[in-house]
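A lone chain, given as structure tokens: the form predicted on its own.
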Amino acid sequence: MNKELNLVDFLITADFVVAMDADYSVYTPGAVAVTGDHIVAAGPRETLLATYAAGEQLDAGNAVVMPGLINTHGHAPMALLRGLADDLRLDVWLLGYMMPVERDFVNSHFCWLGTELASAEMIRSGTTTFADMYYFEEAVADAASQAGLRAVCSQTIMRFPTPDATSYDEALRRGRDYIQRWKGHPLIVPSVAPHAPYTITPELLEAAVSLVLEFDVPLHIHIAETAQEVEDHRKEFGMPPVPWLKKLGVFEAKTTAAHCVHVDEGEIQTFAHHNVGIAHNPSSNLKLASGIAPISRMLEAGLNVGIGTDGPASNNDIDMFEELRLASFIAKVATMSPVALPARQTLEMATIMGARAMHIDDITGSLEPGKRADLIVVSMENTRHQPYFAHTGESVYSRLVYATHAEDVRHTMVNGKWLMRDRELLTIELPALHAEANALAGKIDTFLARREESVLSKLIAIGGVAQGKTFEIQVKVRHDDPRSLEKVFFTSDEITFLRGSNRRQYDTYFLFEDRWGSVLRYREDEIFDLQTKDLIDVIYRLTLTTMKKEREYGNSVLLSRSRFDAPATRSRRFYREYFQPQREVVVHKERRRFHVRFHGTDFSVNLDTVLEPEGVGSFLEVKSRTWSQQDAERKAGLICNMLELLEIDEGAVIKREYVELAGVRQQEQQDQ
């Protein structure tokens, strides 16, 4: 009498089933039985054929059935920003291009559309689960669930306004509402993402941790992606990011930390002690030259290290098979050991270990009874998979990690539902997506082209710009001993001394060959007490002016217009790479500054000695600024009167700015 077979929805057979379970089971040939959203069994093909009858049986032949790949870190909506700005450092890329474009273009539909585009790419390249961190994360969750993918979707929170929140309080409220409405969804795990230590505050972090602990959901954060980030954090807080985050309780949550490139042994042990999952992003870290994370050491310490693609704007694809191969290779080079990160361990990082890193290994990451039916079928028919050596059980892992390409993925299933069959997407319509994405790209192109038309537009794009008083009136006098003039400012009945300071100023002038003759000055201004000589403050500032002057007055008093100021919150190198000037001129000087009142009007008087370039000389400089042209003309006349009081010879007055004087001197030095 025939044995009655158990009925299942799907029975998938293939020459290889790679389970990625605790025993690293490989069945050759093998089969997987699926009912509803979960796996019923995985094992030898003949055993399952003798046990189960299926509503649909797929005989894949020369192929591997395996868990779907798990992308542990990314920003899916940034698929719409792919190729926007490449070959830049992280800070220039992020602050100079990504964030300005995001401020103008990112909204809920942008995030939905970008996620749909990314989902199509992930499904076709074998990813069934991904971790996301972006804005309007509910739109990301909605798009991912409609595409049929599993995801941990993390609402981004920053200390400053973002495209979806005017404050972090609003972002936290948005995160709470999102978690309450999506918790328990069959595909989406809602989460919170305090972006990175350099974009958040201690109060924000504590609030974010409190929120995720209240609802028992994960927390996703960037940590130690660049050496500069770690150095800046040490300067500001007296410690690197990891102990700072530990102190604030971040690792008490179910935390996934992205990048972790620049961490030491103690920080690795901290991660291990608190079961922090790590998202290793090899392509992005290499492309942005962030460095190579100490992955081998992390694995030795027992950390759960997953693999991520990062966002499509910094990779520029979402191909996890490419990341597998690269992760293994760079680990070998980093340790100078070909046995580091072998193929099986690499595949583990992209499946069950990645699930552990995302704190969802109870439902996905391996082909085991009871887990969700998240699997892919990878063809071994391509020439690059030939021949096949069977003398070692490890060869199938080598084929998957070192030879498999995204297009080898034939079928993709998530939660028991086919998302792709024979390379045909079943849940996403690509032509409409492509058309809308390219239309949006055209709008962004126009935005960036307009921004590139002027230095001012680029300065405004990175924020903090304020227009200074429209008119600046100044005179500059070459003087062998400008300090000999000091007594006039203290003894004259016509001049009242208000206050003063000693300064060392390190100026870099970025010069542009545009129609305005734009000059952007980056200044590091060290301010010392006039009497005690103690350092009072250091101010970093950007000032945008032009080489063109509005007009000249008697004694060559110059009147210029259109001055814009902004705090210099980034390095000189950042501004150089962002603005890309045609030339640079460096001026270092010592300055004694006096604020004085002359005939009821306030002026700044600078007694300057230029130290670099050598040979430029010493100068007296009198300045004032105003919004009014009429007032500017009045002040110009007063400056002429002050020069007469100081008995300044008209021949000593010069019309050039320091940048021009220094430029001439540099050229003279080059010609010698």
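One rule holds for the numbers: they count along the sequence shown, beginning at 1. Predicted model only: the values in this text are computed from it and were never measured.
Same protein, other form: the form predicted in complex with another copy of the chain, not shown, and the subject of what follows.
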Given that another copy of the chain is left out here, which of 315, 366, 256, 304 has a heavy atom within 4.5 Å of it in the model of the complex?
315
Have a look at 239, 326, 272, 465 for me and say which one sits with a heavy atom within 4.5 Å of another copy of the chain in the model of the complex.
326
Testing 369-377, 340-348, 209-217, 499-507 against another copy of the chain in the model of the complex with a 4.5 Å heavy atom criterion leaves exactly one stretch, namely 340-348
Does another copy of the chain come within 4.5 Å of a heavy atom in each of 89, 124 and 286 in the model of the complex?
yes
Residue 393: heavy atom within 4.5 Å of another copy of the chain in the model of the complex?
no
Would residue 388 show up as a contact with another copy of the chain in the model of the complex if we use heavy atoms at 4.5 Å?
yes
Given that another copy of the chain is not shown alongside this chain, does residue 319 nevertheless sit within 4.5 Å of it in the model of the complex, heavy atom to heavy atom?
yes
Can you check whether residue 196 is within 4.5 Å of another copy of the chain in the model of the complex, heavy atom basis?
no
In the model of the complex: members of 415-444 within 4.5 Å of another copy of the chain, any heavy atom:
430, 434, 437, 438, 441, 444
